[in-house]
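What follows are structure tokens for two forms of the same protein chain, given separately as structure 1 and structure 2.
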Structure 1
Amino acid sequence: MAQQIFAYIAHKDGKADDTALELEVAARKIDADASVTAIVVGSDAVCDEVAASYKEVWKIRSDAYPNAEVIRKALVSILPADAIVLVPHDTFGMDLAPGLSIKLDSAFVADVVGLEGIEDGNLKIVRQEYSGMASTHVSCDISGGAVINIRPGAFQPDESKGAGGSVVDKTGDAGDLSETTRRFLEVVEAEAGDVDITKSEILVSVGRGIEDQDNLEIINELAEAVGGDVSCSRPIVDAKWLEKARQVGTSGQTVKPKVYLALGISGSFQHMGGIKGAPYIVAVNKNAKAPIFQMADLGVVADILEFVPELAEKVNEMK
């Protein structure tokens, strides 16, 4: 395949996002022999960090990050016409990618969870519909390039390091980035709660499958048994059963536990987007087709109201 593949690298506080390594793996699902180029805007430290995994890194010096309007303009100036661009499917990526595909006159596919290679010039893609209840297999014509939003956590990152890539300064080719109709103001951090779930090594996370607020007691008992903290998906916060600080997801907290128990959680991309660091995921859901099972290392088809008390009892017996 002659087309170049690019990975847009998200970062925060001078550190590359976990999706940086995931995009490299996703690119090799498109073409196993591809030389993937990373694009970093606004951080020399991140350029050096990702150069350990990418053979080449394109750097754009700009203090506009994360202003999608400015970055989109820069990318249009430096990318080849038939480029395949991979962008994380997070809040910023959803702002950046659709308009970028229009400016590049290329195909666009959002919320991609699987890539199955190229057949007859078309890239075979798997994405999810109806809040993850159905998988859609898409055939995408990439002859004119494509911009693809990759769901965070959908591809297992490769932690191995290469020989070290080169960093190429593309700032001069990006054009004048000073003119913009909007400007970035600030990041508003989620409110702090009685427990900081962002630092928890074990999270026992509960979703709408708990059915009633009174049933949260069995979740608390399991969390105590395994030595973890209780977290939740958005419906639990919307119902005011738990505080906002315990919500995991793109509109809640970003967590990096070693073990994540997802109890009665369907596994929407909004929720899974808040889970970083490739934890060991245990999913319990009575719906065998729940999308959470596609991301789980261990899946149990069961009613959590029956399963969780038994699990807590067995854990306590083992202790």
Structure 2
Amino acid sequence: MAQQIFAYIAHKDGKADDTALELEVAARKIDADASVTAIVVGSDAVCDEVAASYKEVWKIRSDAYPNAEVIRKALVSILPADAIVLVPHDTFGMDLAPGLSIKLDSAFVADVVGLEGIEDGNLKIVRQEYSGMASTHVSCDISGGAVINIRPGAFQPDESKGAGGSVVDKTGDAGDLSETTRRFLEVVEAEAGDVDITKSEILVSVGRGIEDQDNLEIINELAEAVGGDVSCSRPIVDAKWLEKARQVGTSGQTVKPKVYLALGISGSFQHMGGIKGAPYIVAVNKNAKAPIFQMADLGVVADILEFVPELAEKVNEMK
């Protein structure tokens, strides 16, 4: 029997997120014959956009800021008990999905990077653990439905837009959409920093491998030698060694340099998710098995504390 799969559509400023098309592809990896329904809590414009790629769109009309608590209640009201629900694994999806699975009494799998079909009522899933250092196959019992969070960017979208889908208004079935125990107040925008790394062509990016704030000096020297700007991974900002505006990643800046030097950075998807435009990535890491080496173009296994000063010197010598 073909599965009924639902895809939760994230959107912003009246436009569907990139993940909208990725979830549709993911659904067909679960079951090629599945009937896939997009769920849009939002405007007609988003529904129409999404209907180009999904045969069916369920609409819940709302102009409100997406509040996971409210949306969870609405989804529980409209979804069939054994539904398979796909949700993007972004900050909203992380807020919504685990609790949704409890309320639907279904299985939950987070941050899925691969899907290998259904066998004997179990969905075979690929995930990563230990910051991407080990991959694992997970078997998920879908007999009572499942909520599956899909990593953004893990599935290549199908851009053909030939679905010509219909929009079904489910607003009446969704129940009361007012906020109760959790009330949205406002969004506080990130502060601008000294440099705008989103405009940099050369980024010298430093991660936890730098070990100590004082060692940042060698990174500054290399950046000066190559004529680039210093950026970093999240732990450097958490430790308050560099300002937030220099953080590359999903919760930091999205950068589009020509060349990206990743120094002592392991290569988590939240970090790599902030690097766009296919730059030339050079990774220096002391661990030959660091995941960054699978994503970089060029790799050097070395201790950055020794290698970076040598590199700066060589650049100055050969410039």
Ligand SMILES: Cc1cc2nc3c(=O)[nH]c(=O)nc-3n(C[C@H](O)[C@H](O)[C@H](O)COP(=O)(O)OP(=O)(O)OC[C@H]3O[C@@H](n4cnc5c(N)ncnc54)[C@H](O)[C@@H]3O)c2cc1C
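Under this definition, the rigid core comprises the largest set of C-alpha atoms superposing within 1.5 Å between the forms. Fair warning: this is a prediction, and the values are worked out from it, not measured in the lab. Structure 1's sequence is the ruler for residue numbers, which start at 1.
Engineer: Between structure 1 and structure 2, which should be identified as the form predicted together with the named molecule?
Structural biologist: Comparing the pair, one sees that structure 2 is the form predicted together with the named molecule and the remaining one is not.
Engineer: If I superpose the two forms on their rigid core, does the C-alpha of residue 54 end up displaced by 2 Å or more between structure 1 and structure 2?
Structural biologist: No; residue 54 is a residue whose C-alpha shifts by less than 2 Å between structure 1 and structure 2 when the cores are overlaid.
Engineer: With a threshold of 2 Å on the C-alpha, tell me if residue 86 counts as moved between structure 1 and structure 2 once the core is superposed.
Structural biologist: Shift at residue 86: below 2 Å after core fit.
Engineer: Fitting the rigid core first, would the Cα of residue 114 be found 2 Å or more away between structure 1 and structure 2?
Structural biologist: No, the C-alpha position differs by under 2 Å between structure 1 and structure 2.
Engineer: Rigid-core fit: what Cα movement does residue 277 have between structure 1 and structure 2, in Å to one decimal?
Structural biologist: That residue's C-alpha sits 9.2 Å away in the other form.
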